[in-house]
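In the block that follows, a single chain appears as structure tokens, in the form predicted on its own.
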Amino acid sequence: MDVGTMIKTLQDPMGIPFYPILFQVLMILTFSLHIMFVNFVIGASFLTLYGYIKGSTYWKDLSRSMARATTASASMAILLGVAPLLFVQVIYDVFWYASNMLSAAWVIGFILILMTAYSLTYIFYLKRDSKGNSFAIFGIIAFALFIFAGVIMHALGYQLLQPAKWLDWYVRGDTADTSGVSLHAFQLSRFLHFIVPSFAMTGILLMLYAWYFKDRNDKDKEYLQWVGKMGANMAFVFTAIQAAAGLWWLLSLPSKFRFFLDPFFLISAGLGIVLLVYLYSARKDPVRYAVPGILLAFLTILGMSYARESLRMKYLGRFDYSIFNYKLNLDYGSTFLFLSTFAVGLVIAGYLLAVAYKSGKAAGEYVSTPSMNRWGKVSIALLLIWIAIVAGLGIVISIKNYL
């Protein structure tokens, strides 16, 4: 059996419940949001540790803020990571599950690694004012674990692209390796293409930090200026390094892909150049450039995510696989329930983010406005309605199946 036939044999015979283009677009969008917060986690956790070790007043203040940013970003990264993972499982089920089975121990371990890193960041934050640098070990381990979690996800994603090697990874001589303890594929250039932007995006986060607190009378203006300028320089330098890492990855791709001519790649590369020029100018006035900067950065990430998906389709197209050839079994009910759940989640998450944003802008106690109160009530009502519908469907279907 050749690889293409194997893939088709392993596909879900039920097919997919709606047109794959919808899942693909939503997968790219949610992945872009997810990876942005992943970047914040890695970059902020590094600055938390670095600022703690530096020890000066400004660096200690920044370390404290970045520790809180790390935990908040980790929560958002996990929340936003669920959706693209589900979409991958729908349209790339064979590839994702095969890659997971080959490294099953690390798939399970990933959750534990992430939980440990998250917990150590909290410990580090709570103990940050202790004398000496003895608690730096918590920050070091947390940062290392966040990076290692990235290595695991990189390996799983890269193994997904190489079905021709699955049998060789699974069978060692005359024995099947069912341990799942190996990570079989790693490409440094590809990995750096995802990690280096963490420091560029965190630089933009620092620009936003300076912009966010600029109207607070209880904030040191010189400190905010220092944070903003450091962030702008950091964003520019690491965006330039990211461009070099991206070029290295481009040159490492199979030549027959001719990916440098791919329209999605050309668009994403163009956006990257525009972002680099913008960040060069942003060093003059980081606060004024902060909000447009994060919007441009997200647009660049979105373009690169589309290019990444185009590249994945080229890899899997070698085996005559296309998501658009997947058996279609239209199910409007389940699709509507899923999309409505997605919409409800956006409303609720948006409310929580809005409360966090507005409360931080106030120097004293935050007093909610009537519009925010209405938003909160709507969020609670939507959540209760969603629980009632999902629970009701579960009960009805269970009774129907029993009868």
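Residue indices: 1-based, along the sequence shown. All figures in this text were calculated on a predicted structure; none of them were measured in a lab.
The protein also exists as the form predicted together with a small molecule; that form is not presented, and the subsequent description refers to it.
K.L.:
Counting only heavy atoms and a 4.5 Å cutoff, which of 284-292, 199-207, 327-335, 144-152 contacts the small molecule in the predicted complex?
P.N.:
After filtering at 4.5 Å, what remains is 144-152.
K.L.:
Should the three residues 266, 301 and 303 be counted as contacting the small molecule in the predicted complex, with contact defined as a heavy atom within 4.5 Å for each?
P.N.:
Answer is no for this spot.
K.L.:
Given that the small molecule is not shown alongside this chain, does residue 271 nevertheless sit within 4.5 Å of it in the predicted complex, heavy atom to heavy atom?
P.N.:
Close contact is absent here: in the predicted complex, residue 271 is far from the small molecule, nothing within 4.5 Å, heavy atoms only.
K.L.:
Might residue 160 be said to contact the small molecule in the predicted complex, defining contact as any heavy atom within 4.5 Å?
P.N.:
Output for residue 160 is yes: heavy atoms within 4.5 Å of the small molecule.
K.L.:
Find out whether any non-hydrogen atom of residue 224 is located within 4.5 angstroms of the small molecule in the predicted complex, and reply yes or no.
P.N.:
Judged by the heavy-atom cut-off of 4.5 Å, residue 224 is well away from the small molecule in the predicted complex.
K.L.:
With the partner left out of view, is residue 31 within 4.5 angstroms of the small molecule in the predicted complex by any non-hydrogen atom?
P.N.:
Output for residue 31 is yes: heavy atoms within 4.5 Å of the small molecule.
K.L.:
Please tell me which of 245, 316, 78, 91 lies within 4.5 Å of the small molecule in the predicted complex, judged by heavy atoms.
P.N.:
Answer to the contact question: 78.
K.L.:
Heavy atom within 4.5 Å of the small molecule in the predicted complex: which of 171, 140, 188, 85 fits that? Just give me the one.
P.N.:
Filtering the options by heavy-atom distance leaves 85.
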